[in-house]
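The form predicted on its own is given below as one chain in structure tokens.
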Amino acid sequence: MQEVIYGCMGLGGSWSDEPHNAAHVDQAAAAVQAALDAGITLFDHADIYRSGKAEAVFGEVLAATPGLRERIRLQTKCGIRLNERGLKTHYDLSREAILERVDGSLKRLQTDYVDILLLHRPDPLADPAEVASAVGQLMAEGKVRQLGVSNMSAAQIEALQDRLETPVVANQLEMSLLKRAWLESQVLVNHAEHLDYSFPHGTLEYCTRNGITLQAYGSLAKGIYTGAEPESPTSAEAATAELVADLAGEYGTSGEAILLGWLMKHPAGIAPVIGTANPDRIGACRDAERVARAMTRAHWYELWVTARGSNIP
């Protein structure tokens, strides 16, 4: 499904273990309302976001708003552990970890189920049969309705899918006008330059062919093209910001909608994930689908070539 998704990583305060407070809940409530006003109904979480506080403040908003859970869809992720057992980061998609982390997310979110569970990153030690067993149990118990992945290649999804009894419905990847490896890999086949991009070639095609929705995190490029002021912007970034502003004026919309519309114009059916907690910036994204339909091929290519700072082959 092609839609804009609200990413909740910015909610809940700091990434420390310090508890959230009422102001953080108010911030979450304002962000949720702005997203709903913009027509967004899918909200993206992960168990690690803000050390669990992103889910916790969202759960308080749900509990305080009768009928909200029935109006929205929730997805969360598991598979990354932070600051445990002497390691800053490690991955864990063992059966026990999946069951434990989903139960923790449900408790924080104050809901009985999530619509989609995403496996956050590939775990080299994961046994696909064990993952499938955990997912099957969660679905049988009604705690998870659909399964997705994040940061996985076509080959990794295929290997997992061989053991699953449910289809993988989504793959969340970093995709934007700034982070273009997903796009460059499509056109730099048979060019030495393709070695500069690590995106696994064929993943977009595999997902499209198998009905797996591509969810694009980082889709607003951290505001670099829409008002943020990096310390030392490159000439390409400065030129792209100017072009985005010009096109926003031409299409009668916001710079944010231009960036999202550019992604959604791609025939793979990309669903951008926006991560801002600013209600005004959330509202600025409401026009993305219209822009995707209206954007000309020439403008789409102009944005790409300007952002890359050189012509395509």
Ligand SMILES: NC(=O)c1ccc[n+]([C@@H]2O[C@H](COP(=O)([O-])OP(=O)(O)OC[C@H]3O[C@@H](n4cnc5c(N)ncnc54)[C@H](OP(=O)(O)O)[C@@H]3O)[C@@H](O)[C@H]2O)c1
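It should be emphasised that the depicted structure is a prediction, and the values quoted were computed from it without experimental measurement. Don't overthink the numbering: it's just position in the shown sequence, from 1.
Although it is not shown, the form predicted together with this ligand is what the next lines describe.
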item	value
This ligand in the predicted bound form: contacting segment from 63-71, 43-51, 263-271, 242-250, heavy atom within 4.5 Å	43-51
This ligand contact in the predicted bound form: S105, any heavy atom under 4.5 Å	no
This ligand contact in the predicted bound form: L220, any heavy atom under 4.5 Å	yes
Proximity of V25 to this ligand in the predicted bound form, heavy atoms at 4.5 Å	no
G275 within 4.5 Å of this ligand in the predicted bound form, heavy atoms	yes
Heavy atom within 4.5 Å of this ligand in the predicted bound form - residue from S94, Q146, T208, N151	N151
Proximity to this ligand in the predicted bound form, single hit among P128, G227, P230, G202 (heavy atom within 4.5 Å)	G227
Residues within stretch 67-89 having a non-hydrogen atom within 4.5 Å of this ligand in the predicted bound form	K77
